[in-house]
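Coming up is one lone chain in structure tokens, specifically the form predicted on its own.
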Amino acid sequence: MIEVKNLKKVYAGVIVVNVPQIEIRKGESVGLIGNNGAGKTTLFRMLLDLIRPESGEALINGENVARGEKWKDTSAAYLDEGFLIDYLTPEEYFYFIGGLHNQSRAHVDDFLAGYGEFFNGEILKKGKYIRDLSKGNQCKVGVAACLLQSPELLMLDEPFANIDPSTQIRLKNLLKDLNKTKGMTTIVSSHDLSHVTEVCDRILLMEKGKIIKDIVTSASTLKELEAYFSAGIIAETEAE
């Protein structure tokens, strides 16, 4: 599904991503974790051809994302509110996204009807533009717009960061269900170790632009990750 080969990105002479190889198979649920500045979002943006690497390539379904367009038909992503059209209402935005995929308004309405609990009565029929919604509600719009496209590949950057606890639980259950019942390949970046280990069956640990661990999730993974980041805190304290 996804293959990364010798992908490198440099800013101001500093290497911010240096990933020799990653392979993510169709149907996998993968978590990408690391501290701020680890290179997670930069890696996401190269996978989506939003920025170009200095060297290497990223492939989705065998197609180099920088050289083709077919991969976009099977992929959906929400990284931040910049992915939204903020001068539209949520309804207008959903109809726009649906229209890009040849979906009628009736089809979009049917889809949205199934997301009443996820929206928690805060998104639709409120007469607000997307720019006037909270960051958490903007995230809900972005995630729902991705799922409206029925993608084979879903990429989410920090989807749990700004949403309330109830919606976090709903989103976790939703992602697990889509992976299990539809075989959707998911890549989720998150600072929340508990959420990402619960949702994902594989964890990529990123530090200073490199993937330093590739972990199959198990009952001990959360403690392993907590120990890793705790050790980093201790090392920083001792260095001061």
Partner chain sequence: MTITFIQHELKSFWRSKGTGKTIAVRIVMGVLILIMLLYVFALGFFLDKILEEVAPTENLVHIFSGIILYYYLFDLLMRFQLQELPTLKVQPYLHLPIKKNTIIRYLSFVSLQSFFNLWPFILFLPFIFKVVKPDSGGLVATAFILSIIGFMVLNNYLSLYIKRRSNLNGWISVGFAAFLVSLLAADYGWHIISFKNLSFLFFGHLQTMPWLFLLPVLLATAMYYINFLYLKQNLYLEDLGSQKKEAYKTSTEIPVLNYFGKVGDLVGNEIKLILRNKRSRSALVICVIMMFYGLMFYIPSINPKMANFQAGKVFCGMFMTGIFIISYGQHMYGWQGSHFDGILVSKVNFRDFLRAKFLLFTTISTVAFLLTIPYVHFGWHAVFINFVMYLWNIGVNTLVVLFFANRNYKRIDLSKGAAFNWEGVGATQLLIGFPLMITPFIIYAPLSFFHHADMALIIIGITGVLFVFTRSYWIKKLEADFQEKRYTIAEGFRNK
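Numbering follows the first chain given and starts at 1. Quick caveat: nothing in here was measured; it's all calculated off a predicted structure.
The same protein also exists as the form predicted together with the partner chain; that form is not shown, yet it is the one meant from here on.
The stretch among 95-103, 156-164, 136-144, 111-119 whose residues place heavy atoms within 4.5 Å of the partner chain in the predicted bound form is 95-103. For I215, no non-hydrogen atom is located within 4.5 Å of the partner chain in the predicted bound form, even though that partner is not displayed. Looking at K126, you'd find a heavy atom of it within 4.5 angstroms of the partner chain in the predicted bound form. For the chain shown alone, D49 is a contact residue for the partner chain in the predicted bound form, at least one non-hydrogen atom being within 4.5 angstroms.
In the predicted bound form, at least one heavy atom of L88 sits within 4.5 Å of a heavy atom of the partner chain. In the predicted bound form, Y11 is the single residue of 1-38 with at least one heavy atom within 4.5 Å of the partner chain.
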